[in-house]
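First, one chain by itself in structure tokens, the form predicted on its own.
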């Protein structure tokens, strides 16, 4: 197993990053790793760098230390730790630091990750990248502040311990984390379930305008750029929509997309289990897990739905 502290011992500058449009596991793993390394190596320059997290993650200690301004021409980092990303291009603008770092370390749980970076710890069976960070830690050095973001990441990537990626090891890890005494039920409420008025408006619109097909086995919805501009909504406003679509009775696959540019959509897929949506996402240069995946695709809403439908139909026919 990767000895993270040993690999960083002689590194004076360390960057920690994750994928674009960071979710709970990405944010939790970046911040958990940052707080852990800051405690172990107070003399080093350690910088967490991802896109600005959603407001609900402000409960995490040190969240304001995140650097969101990625500028070219900066000095090379001695080490770059890439988290929760199945390929280097998923780091977005922070990828410039991955490309120039003297040492790159990749930690990820996506089954679509075929392996990259100088050093790596990849386990497609793990519930989350946060679970893998817990594997790599010297747990005697952990504390409440470190445990909280790692717990948040596991909760978010397992649907509050509901998904099939939960294992006995996952539950043991969660038990250890909540042993630090933070209010874990409040964290679930505030970071996973709680919604702003705008998020509820977007959810309502997506549900009303959704369509079902394949005899009700699939459901799809979208928010276009015009609607986003009217409501002043960004990607944070769509949290939880695809999961809510998946809860529709009889649905095997839920599809939600929002327009990032004219005729270009960010697509999220969720499955109840019969369809491996990670295979579909990978075909379109995306990634994810068997039950939760995503990618970006150009075309109209119906063009994209039709393309995805063919891939879904093949798997359903096999079943």
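Predicted, not measured: the structure shown is a model, and the values here were computed from it. Residue numbers count along the first chain shown, from 1.
What follows is about the form predicted in complex with adenosine monophosphate (AMP), which we do not show.
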| item | value |
| --- | --- |
| Residue 66 within 4.5 Å of adenosine monophosphate (AMP) in the predicted complex, heavy atoms | no |
| Interface membership of residue 268, adenosine monophosphate (AMP) in the predicted complex, 4.5 Å heavy atom rule | yes |
| Adenosine monophosphate (AMP) contact at residue 292 in the predicted complex, heavy atom, 4.5 Å | yes |
| Any non-hydrogen atom of residue 53 within 4.5 angstroms of adenosine monophosphate (AMP) in the predicted complex | no |
| Heavy atom within 4.5 Å of adenosine monophosphate (AMP) in the predicted complex - the one residue of 156, 246, 222, 110 that qualifies | 110 |
| Options 99-107, 207-215, 193-201, 83-91; stretch whose heavy atom lies within 4.5 Å of adenosine monophosphate (AMP) in the predicted complex | 83-91 |
| Interface residues of 1-36 toward adenosine monophosphate (AMP), as seen in the predicted complex [heavy atoms, 4.5 Å] | 19 |
